[in-house]
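Given as structure tokens, the chain that follows is alone and in the form predicted on its own.
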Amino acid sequence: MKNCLIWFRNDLRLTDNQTVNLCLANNYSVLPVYIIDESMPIGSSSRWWLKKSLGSLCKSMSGNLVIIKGDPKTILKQLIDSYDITDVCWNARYSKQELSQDNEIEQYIIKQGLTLNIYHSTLLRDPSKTLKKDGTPFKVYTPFYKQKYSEFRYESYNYDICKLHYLPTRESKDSKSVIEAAVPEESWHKKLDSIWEPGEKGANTRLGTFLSSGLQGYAEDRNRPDLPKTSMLSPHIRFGEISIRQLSESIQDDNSHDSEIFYKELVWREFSYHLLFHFPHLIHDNLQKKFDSFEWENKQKNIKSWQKGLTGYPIVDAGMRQLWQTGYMHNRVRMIVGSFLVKNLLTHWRYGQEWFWDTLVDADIASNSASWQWVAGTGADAAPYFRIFNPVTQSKKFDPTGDYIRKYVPELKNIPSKYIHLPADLDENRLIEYGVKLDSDYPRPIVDLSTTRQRALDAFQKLPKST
């Protein structure tokens, strides 16, 4: 019988995980390993999720998951020697830093004469094979979707995970204390406990809820932050607690427009990874080089107001407070707050990227980077520079009754829906009637939308035409 080490990373599940399937199909003895690697930092909210997810995965393995903190190459060498490992398998990662680490470890494994199996189980397709017909990477989403994903069929492969045969380990079986020591919890994390259920079980519960009550009407209502119509699956997908193939399979026989739009959202994530793989500088640098000379203001006072949800624009403030309170923000609102930061406050997209990275439970290196470049107009298939979301107009359209605002900006709860989208338009006496005094209970707008919109347009128009 062969002994196979499975190195878990962003694939914290057993069901339809190709590394697990390999071991079940071949009756291998398994050494499942997760390595806490501090050279690959994650944000604060993601650390909370990781801690809970590892606990869930370890429980599903009856405590057999080996969790160690340290350098992956050193740890894997030790484990391979200690357990007479014959095979190693993992699911691929795609950032430059991750690929560099994996390549180094891959060379060591091959030199040892071991069998290495690498899968792409965190994506629908291998990004190295999603090129255009001329062999170059896509930079526009629509042809990427039409040529590589439209009408593609998916099938998940499920084995009886109860038949996994684990190697007896000498490492600590007290997984809870190991996780506690390796992934410290911060005091503010406690508020997330009542909102989320990290782990494979929680992911499947979310999917079931979405298919039964969220999918119908999704195409239109996914833009409404006041309605429970988004899947809320993004953090589960980010940590690989549910198979992206399983998600696609679950809707592929539903020929509705709602299913089509949901699938396109999954493929948008794929597109982000396609960009990350082929343009690794996406994380740090403008994809459109003409923006390198752009003069951002980056006023710290404005950035702080944005982070705290104190901009004076209720839909922006509701979104930023939802993020702080729940580790999540509705997707439509992400676009609104992103546009406001980059274009109305003339702040570099990296400030937003870094804040989201630390506060989102679904902070994904590809999606976070690609989406911020999209909203800034600096990336591939980016929103054009002249597309500037007006937060008041967006608020009236997508939170028409103001319920989303009232939930996260409760100091405005008594203001009628007609005025709640911009309280500063009311005179002070009317506001006092509704229990609000500007600069005391709620801030005045920190910038004027019309002035800052024109300022952004003027600045963007000065950019060189070539990229």
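In this text, residue numbers run from 1 along the sequence as written. Computed from a prediction, not measured in an experiment: that's the story for all the values here.
Only in words, not in the display: the form predicted together with a small molecule, which the text now covers.
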- Counting only non-hydrogen atoms, which stretch in 261-269, 293-301, 67-75, 126-134 is within 4.5 Å of the small molecule in the predicted bound form? 261-269
- Which one of Ser95, Ser305, Asn331, Gln252 is close to the small molecule in the predicted bound form, taking close to mean a heavy atom within 4.5 Å? Asn331
- Position in contact with the small molecule when the complex is considered in the predicted bound form, options Cys89, Ile179, Ile388, Leu360, heavy atoms within 4.5 Å: Leu360
- Tyr218, Asp364 and Asn368 all contacting the small molecule in the predicted bound form, non-hydrogen atom within 4.5 Å: yes
- Is Asn204 close to the small molecule in the predicted bound form, meaning a heavy atom pair under 4.5 Å apart or at it? no
- Task: Would you please decide whether Gln322 lies within 4.5 angstroms of the small molecule in the predicted bound form, comparing each non-hydrogen atom pair?
- Result: no
- Tell me, yes or no, whether Phe277 is in contact with the small molecule in the predicted bound form, where a contact means a heavy atom of each within 4.5 Å. no
- How about Gln394: is it within 4.5 Å of the small molecule in the predicted bound form, going by heavy atoms? no
